[in-house]
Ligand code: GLC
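Here's a solo chain for you in structure tokens, the form predicted alone.
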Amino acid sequence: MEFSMKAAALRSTVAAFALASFGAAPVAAEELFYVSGAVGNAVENFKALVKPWEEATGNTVTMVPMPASTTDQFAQYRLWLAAGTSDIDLFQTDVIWAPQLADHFVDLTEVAKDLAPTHFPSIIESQTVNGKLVALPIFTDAPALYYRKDLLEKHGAAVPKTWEELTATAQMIQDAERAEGKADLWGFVWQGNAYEGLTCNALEWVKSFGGGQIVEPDGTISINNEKAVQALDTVKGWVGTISPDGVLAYQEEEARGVWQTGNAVFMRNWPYAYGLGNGDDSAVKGLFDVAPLPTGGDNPTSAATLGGWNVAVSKYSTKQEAAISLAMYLAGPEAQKQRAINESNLPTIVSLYDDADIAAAQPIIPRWKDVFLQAVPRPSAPTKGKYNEVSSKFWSAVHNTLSGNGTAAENLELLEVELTDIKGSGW
């Protein structure tokens, strides 16, 4: 859908905002380079997103696309920043990266003093390190359970509220549809590759079974427990039954590919897949809906890993004034509204959840608040600069378990030893 605000009015708004925030525009136009992971139509959407800012300021922006894997992105970011490269002006950053990369980014506290209070306070807090606001939120994220309304209705099934119900329903519909000739249909697709996305999925399984958050907010290592074992044993039972063996190599886009071609009953994915799933080229357009992820065992609450993306200005950039202007625009209401309408991204500006244009274009966004209320953070805050190593050890233990390399009980016991060694005398 085209962004409804007229281009001229938007250019005027952006220009006024830029002038008010930064003073007169620079005399010479700047060419900025913005690095970001790319899923779906991200590159094309970014060009449209920044066009009003480019027209208002005379500057230009080129997106440098990264692999979809957040693990690969983070590794590349660290290489660039450690080298002090001036080739990249702005970095799109995961919500968990602020403590690890803060020293390389410009402090935006003062320039964003009026904008920051309009965002969810917890998200601003997540990007504040040692009193410095090192990145501005551009959208937040929490995954949901995508389900085929038509197939559940056809087979008289309800939306599952527990993982046990999902397992049974997925198997039942998969078997019935295959008996009718749909040999490629699977019950449930998710992200099982050995990368940060598996940490997100597995944290949801463990937390929803009542097994904690890997490392608790007070720094306690909690992952080696019976409920976490029960969660991973349940998931291992999906591989090769309701989920293809290849799910252990899936990231977000592979899962979406199976889902969007009509070959899955259920999918776990982020909000970006909602708008794409309702695109004109989608086999499931109008046939699906979303619900909070299920619970497990006897635990009453579900869990959805808190995600989200931010924009940071490199302190090595030679074009910081223009880069800060772009960061402020991307984190502001105009760009967040455009992302919500065109890409079904969840705003971080509280007032946009009551925006009539967003509700009309993406009615799912106001409803996603129910999902967002179940959000659980990854343990990046308690583990600080050691989070990346903690996450890597966790997803490796989970992937080994799901691949049949050791039992859940064995792998989580070993993981506890490894995390204790990483922690040392303290995080």
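Heads up: residue numbers just count along the shown sequence, starting at 1. Note that this is a predicted model, so its numbers are computed, not measured.
There is another form of this protein, the form predicted together with alpha-D-glucopyranose (GLC), and it is not shown here; the text below is about that form.
Using a 4.5 Å cut-off to alpha-D-glucopyranose (GLC) in the model of the complex, each of 70, 200 and 307 places a heavy atom inside that distance.
Taking the partner from elsewhere, residue 195 is found to have a heavy atom lying within 4.5 Å of alpha-D-glucopyranose (GLC) in the model of the complex. In the model of the complex, residue 270 approaches alpha-D-glucopyranose (GLC) with a heavy atom inside 4.5 Å. Under a 4.5 angstroms non-hydrogen atom cutoff, alpha-D-glucopyranose (GLC) in the model of the complex has residue 95 among its neighbouring residues. At a distance threshold of 4.5 angstroms between non-hydrogen atoms, residue 89 is out of contact with alpha-D-glucopyranose (GLC) in the model of the complex. Heavy atoms within 4.5 Å of alpha-D-glucopyranose (GLC) in the model of the complex are found in one stretch of 176-184, 308-316, 231-239, 124-132, which is 308-316. Residues are counted as partner-facing when one of their heavy atoms sits within 4.5 Å of alpha-D-glucopyranose (GLC) in the model of the complex; in 155-170 not one qualifies.
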